[in-house]
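Two forms, one chain: they're shown below as C-alpha cells, one block per form, named structure 1 and structure 2.
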Structure 1
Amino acid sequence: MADVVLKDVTKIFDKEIYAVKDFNIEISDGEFVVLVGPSGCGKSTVLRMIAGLEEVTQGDIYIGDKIVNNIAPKERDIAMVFQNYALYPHMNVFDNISFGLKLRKVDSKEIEKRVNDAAEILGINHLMQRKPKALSGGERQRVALGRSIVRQPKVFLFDEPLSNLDAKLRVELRTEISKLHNRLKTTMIYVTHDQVEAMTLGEKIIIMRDGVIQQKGTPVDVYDNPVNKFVAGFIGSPSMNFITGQVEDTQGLLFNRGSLSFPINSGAEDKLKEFVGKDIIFGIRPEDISISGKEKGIPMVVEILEMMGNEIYLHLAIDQNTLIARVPPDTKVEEGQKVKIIFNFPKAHYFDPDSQIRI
C-alpha cells in the first residue's frame, strides 16, 4: 500500500489544450478517493497519468516516496479496472483472473490461493470454469475486479467501472467495491461522472471542471458547504434550485424576483449587506423546501408531480420561477394545485452572480 501525491500536475494536448491544470492532491495510504465531474473535465486523464498511460506535461506524481513520472506502468505496482471488462473470450474465469500472475511466473500454488481468495471475496467461486460469454455484465466486472485483486497492488485505480451496468447492478457492485476496500485497506482512486457514486463510495471526493479542482473534502462537507455555484449544482439529486434576484433593504434585507419575495433571515444578513441594490443568486436544495400546513408561506402552483415511491418531487412555479421540492410520499397535493411553501433558510446558500463563489 502507498500514499499517492500529485504536485502541480498539468497535462497539455496539442501544445495548447489544457486537459488538467495545476492539479494538487495528497491521498493517504489506504484512503478511498473519488474524482468526479462532468464528461471532459479531465478526471480520467488524471487517472491515466497516475497509471502511466499518459505522460505528465508538468509536475510530479509520487506513489509512496518515489516519483513515477518516468516509470513504466507495469513497474508502478498499480492495478486498473476499466469501464470495459477486457476479458479474454477464449479463457475461463480462473484463467482470466490468473493470467497476469502466470506472466509474472508466480508459483502455481500461490496463484491458486490468490485466485480462490479473490473469488471468495467477490462471490464468484461457482463461475471459475465459465467463459466470459456465459457471464452477465455484473459477473464480468467481478472477474475484472478479481484480476486486479490477485496482483495485490499498492494502489487500485477505477475508471468508471460501473457505467456499462444497469441501475440495480450498479448499486450492488458499488456495495461490493466498498466492502472490498474495507477488507483490503488498499489505496483506491475511483473516477466517475455519477455524483451518487461519488457521495456513497468516497471517503474524500474531488470535484473537477475543465481540468481544474473546484473543491475537495468529505461528501458531507462538499454537500453542505459548496464553494461555488458549480459544485452546489453538480452535487445533489435533484440538483440545488437557483434563482437570480435582487437584494433590497426595507428595514432588513429582502430577496426580490418578480412575485417571489421573501426576507433574508438565514444568518447571512451581514455578508449580504454589500449586495443591497445588486443581483444575487439564491440557492436552496429540494429537501429544504416544504409545504406549509398553515396560511403562512410563499404561494406557488404545483406544475408537475413525480412520485418516486419513497418521496415525491414537486415542480413548483411562481411567475417565471420554477423550483423542485422533495417531500414525503404521503404529502396530499395534486398537479395544478396552489400551495404555500416554506424555505429552511438556515440551509439556504447565496452566490455572487459574477464570480459564482458562495458568499
Structure 2
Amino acid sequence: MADVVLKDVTKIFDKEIYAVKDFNIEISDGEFVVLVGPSGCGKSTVLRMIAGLEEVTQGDIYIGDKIVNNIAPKERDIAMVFQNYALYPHMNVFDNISFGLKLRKVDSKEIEKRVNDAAEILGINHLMQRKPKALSGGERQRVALGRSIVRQPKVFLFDEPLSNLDAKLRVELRTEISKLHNRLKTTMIYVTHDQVEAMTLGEKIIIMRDGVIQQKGTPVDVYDNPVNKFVAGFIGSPSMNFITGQVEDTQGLLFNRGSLSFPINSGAEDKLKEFVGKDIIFGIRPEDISISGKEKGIPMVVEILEMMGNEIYLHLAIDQNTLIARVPPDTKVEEGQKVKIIFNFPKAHYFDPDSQIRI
C-alpha cells in the first residue's frame, strides 16, 4: 500500500520524440486511477515508467516516499497485468501464479495458501493444472490477475487488460476488477483507451493527449465540466456534438449557423459577450437533445435511426449540419421524418475555436 507520485516526469524517445511531457500526478494510497486517452497518447509509457520497464528521461517517480527512478522493477513491489496476459506458456496455471513467490523464496505452504485464495476469488481453482494455451482469453486474464494478487504488491498496474477480450467478457472482468479493488484497497493504476472503462472503474480519471495531461478529476466532474473540446469529445458515447457558428447580438445573443441558428439562453451570455462577431464552437451531448412535441424548436430531418433497444440514436441533419441525439426508445419517429429539436441549454458547452478551451 503506497502513494504514487509523479513529478514533472518526461519521457523522450530517440532524443526528440516526447512521449510524455511534464507529467504530474499524486495518487493517494488505495486510490483507483485510470489513465485514458487515444492510442499513442503516452498513457502506457507512464505506466511502464512506474513499473520500471521504461527509463524516466526527466522528473521523479515516488512509490511510497522513495524515489524509484533507478530501482529495478522487482524492487518496486508492484504487480502488472498486461494486455496480452504475458503468461508463461510452458508453465501451468499454478506455476504461472506462484512464479513470483517462488523467486522471492516464499515458504511453499504460504505459496499454496495464497494461490488458492487468489484462485478462489477469481474462480479459477479448477484450471490449476492447465497450460495457458488450453485457456480462453477471459481465463487467461484471470490467471494474470491471480499472478499479481498473490504477490500482495503495494501498487497494481493494469495495461489495457481487457482490450483483447470480447464485449461480454470485458464487462464481466471489469466488475471483477472493481470488486477486487474494493476488497484489497490497494492503489491501482489502470490504463485504457476505452472511455467506458475509465468512467466505470476510476475514482479519478486522467485524460491524456500527445503525452500531456488534459484533465484530471472524478468521472462525473470530467463528464460534466470538460476543460477543452478534446476532453468533451473523448469522454461520452456517442460523443458530444460540435457545431461551429457565429455569435451575434440581436436583442440578446444568437448562435448563427445558417439554418441551425438559435438564441443563446443558457446563462452563459456574460461569458460569450466578448465573442460577439466571432466564431465559437457549440457543444451538446446527444442526451441533451430532445424532440419537441410542439411547434417550437429547430427543424431537422431524421437521416438514420439506430435502435439500441433501451434507447434510440437519431442522426439528424439540416443542410450541411449533422447532430446525433439520444432519445427514449418509445419516441415516435421514423427515418426521413421532419422533427423539431430542443437543446437542454444549461448542459451545453461553448469552446474557443482557437484555443479549444471551454468558455
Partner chain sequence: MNRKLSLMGYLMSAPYIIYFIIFSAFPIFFSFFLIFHRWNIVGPMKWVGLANFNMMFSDPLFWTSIYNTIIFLLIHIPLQVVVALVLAEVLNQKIKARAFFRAAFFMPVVVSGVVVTILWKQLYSTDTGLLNNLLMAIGFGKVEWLTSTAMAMPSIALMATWKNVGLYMILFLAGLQSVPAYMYEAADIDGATTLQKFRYITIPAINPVIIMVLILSTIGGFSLFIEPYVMTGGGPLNSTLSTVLYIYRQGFSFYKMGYAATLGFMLAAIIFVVVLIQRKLIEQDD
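When a residue number appears, read it as a position in the sequence of structure 1, where counting begins at 1. Keep in mind it's a predicted model, so treat the numbers as computed, not measured. Here the rigid core means the biggest group of C-alpha atoms that line up within 1.5 Å when the two forms are laid on top of each other.
S.K.: Kindly point out the structure, among the two, that is the form predicted in complex with the partner chain.
M.R.: The chain shown second - structure 2 - is the form that fits the description.
S.K.: With both forms fit on the core, is the shift of the CA atom of K273 between structure 1 and structure 2 2 Å or larger?
M.R.: No: K273 shifts by under 2 Å between structure 1 and structure 2.
S.K.: Please say whether, between structure 1 and structure 2, the C-alpha of K131 moves by 2 Å or more once the core is aligned.
M.R.: Yes, shifts by 2 Å or more.
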